[in-house]
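What follows is one chain in structure tokens, specifically the form predicted on its own.
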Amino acid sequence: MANFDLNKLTQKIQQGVWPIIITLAHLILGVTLVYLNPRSNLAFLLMISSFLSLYALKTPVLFKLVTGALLALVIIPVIGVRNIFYLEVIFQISVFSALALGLNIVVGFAGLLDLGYVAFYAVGAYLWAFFGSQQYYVLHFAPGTQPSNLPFLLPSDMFYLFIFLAIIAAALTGILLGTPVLRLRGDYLAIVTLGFGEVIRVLANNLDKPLNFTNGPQGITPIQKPPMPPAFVDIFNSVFGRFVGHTASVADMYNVMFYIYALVVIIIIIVVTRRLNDSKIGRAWTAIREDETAAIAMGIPLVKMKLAAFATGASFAGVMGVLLAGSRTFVSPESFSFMQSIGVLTMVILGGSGSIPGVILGAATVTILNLQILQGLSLYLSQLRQSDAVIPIINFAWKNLSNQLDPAKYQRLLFGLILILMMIFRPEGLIPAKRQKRELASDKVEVKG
């Protein structure tokens, strides 16, 4: 009876004006709490989760577009300038959403397990890092010995050209990886791609001799940012200054600008991905994922389609690499470790392999968990250690608590537990792809039968 009532309530919520009312109430409450409490992580989570209400509730398409644009292009920049950490978290969500969408093509659509995906991210980052910095004039200097007055090789507005060049460079790298490993499947393919990712990282770490291409472990800096329109800061301050509470600086507006760039890239990736998924290429990838032998028998060019999957997924990572280098003005090999690839794969599996909204939700969940929840708990424990407070009942002083118990240090353990629990209780992911959902439902029916 209780289950029936719950289903009835769910159906009622999805009818009439209730979805619009609930979505607006969720959004207004979250924005109000964040505005009044700029440092509250709980308020930020409430605000950012309004995107989920906007997606899940059945509201008109025009309402979704207008509300989503207002939240993404007006509210988030204002809230982000009030507390720049929020904008950093959202930028990281955007970056990893793009990476996860790219890996989703390889893993979710084509069924090719890639554990070295971060290598394509590194290709894009180091491409702009080399040509957009002074590194060309440092080739004959050992790391740390170059003069301080060297010029930049290219003007900063070449950044936009390198976004397109990164697409080409990363796609060619994806083809280079895919060509020799096309005969491999499953675990063997995963091991080879893992090795490829490590090769790129080790090359970036050691290409500081005999010519200093990457500056080794010290990384490349400074890297130029793209030019900002002079009136951008003034227009923002004149329109939103009263809501922000202080005058936005050029540094603040650069953060907003890179967030908008990342948002534009994500929208383009979503459009391209959806069109590919519904095209002949997408159906070929699905056939390859389900049964390679049957796909070959149906006349699908296996080599060509696998290379297309590697190249397409890699190109998305290359674009975000350029944005990373431009926004951080620094790149180093540590940013492209094996754990980064595992983190992106975790986002795909958590959200739902093959599902575009699911992958974005997975990226947001993992990023917020890592940057806000775990880091916030660690900072809170650090504050308790500096006080004279004690744990009730057992009368244990917080200052005697070991640093090894900081939640931020157990990120890998927590992600591993999340993956195990997802495989046991919800293997299709948080927002499963429609095709995979139907397949799992049919499998359950067969098991019961």
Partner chain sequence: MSKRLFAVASLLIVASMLLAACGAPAAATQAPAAADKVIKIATQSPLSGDMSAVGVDIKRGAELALNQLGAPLAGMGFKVELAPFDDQGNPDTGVANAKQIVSDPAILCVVGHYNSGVQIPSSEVYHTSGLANVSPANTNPKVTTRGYPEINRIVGRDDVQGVVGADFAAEKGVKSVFVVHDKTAYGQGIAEFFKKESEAKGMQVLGFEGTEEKANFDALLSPIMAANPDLVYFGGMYGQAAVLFKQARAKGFQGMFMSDDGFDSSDAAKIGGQSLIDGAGTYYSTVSGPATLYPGTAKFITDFKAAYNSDPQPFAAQGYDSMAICLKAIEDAAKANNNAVPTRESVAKAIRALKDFVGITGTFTFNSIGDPTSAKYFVIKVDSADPTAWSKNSIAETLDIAPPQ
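As the structure is a prediction and not an experimental result, all values here were calculated from the model. Numbering follows the first chain given and starts at 1.
What comes next is about the form predicted together with the partner chain, which is not displayed.
From the list L324, I93, I167, A311, which entry has a heavy atom within 4.5 Å of the partner chain in the model of the complex? In short, L324.
Single option in G245, P217, P155, P227 placed near the partner chain in the model of the complex, where near means a heavy atom within 4.5 Å: Looking at G245, P217, P155, P227 one by one, just P217 meets the 4.5 Å heavy-atom criterion.
Have a look at 314 to 322, 125 to 133, 235 to 243, 207 to 215 and name the one stretch with heavy atoms inside 4.5 Å of the partner chain in the model of the complex. The contacting stretch is 207 to 215.
Just checking whether R201 would be counted as a contact of the partner chain in the model of the complex - the rule being heavy atoms within 4.5 angstroms. Within the cut-off, so yes.
Counting only non-hydrogen atoms and a 4.5 angstroms cut-off, does V390 reach the partner chain in the model of the complex? Looking in the model of the complex, residue contacts with the partner chain do not include V390, since no heavy atom lies within 4.5 Å.
Should A171 be classed as touching the partner chain in the model of the complex when contacts are defined as heavy atoms within 4.5 Å? It does not: once the partner chain is placed as it appears in the model of the complex, A171 has no heavy atom within 4.5 Å of it.
Can you work out whether I20 and the partner chain are in contact in the model of the complex, taking contact to mean some heavy atom pair no more than 4.5 Å apart? Contact check for I20: no, nothing within 4.5 Å of the partner chain in the model of the complex.
Need the contact residues for 347 to 384: heavy atom within 4.5 Å of the partner chain in the model of the complex, sequence order, or none if there are none. Result: L361, N370, L371, Q375, L379, S382, Q383.
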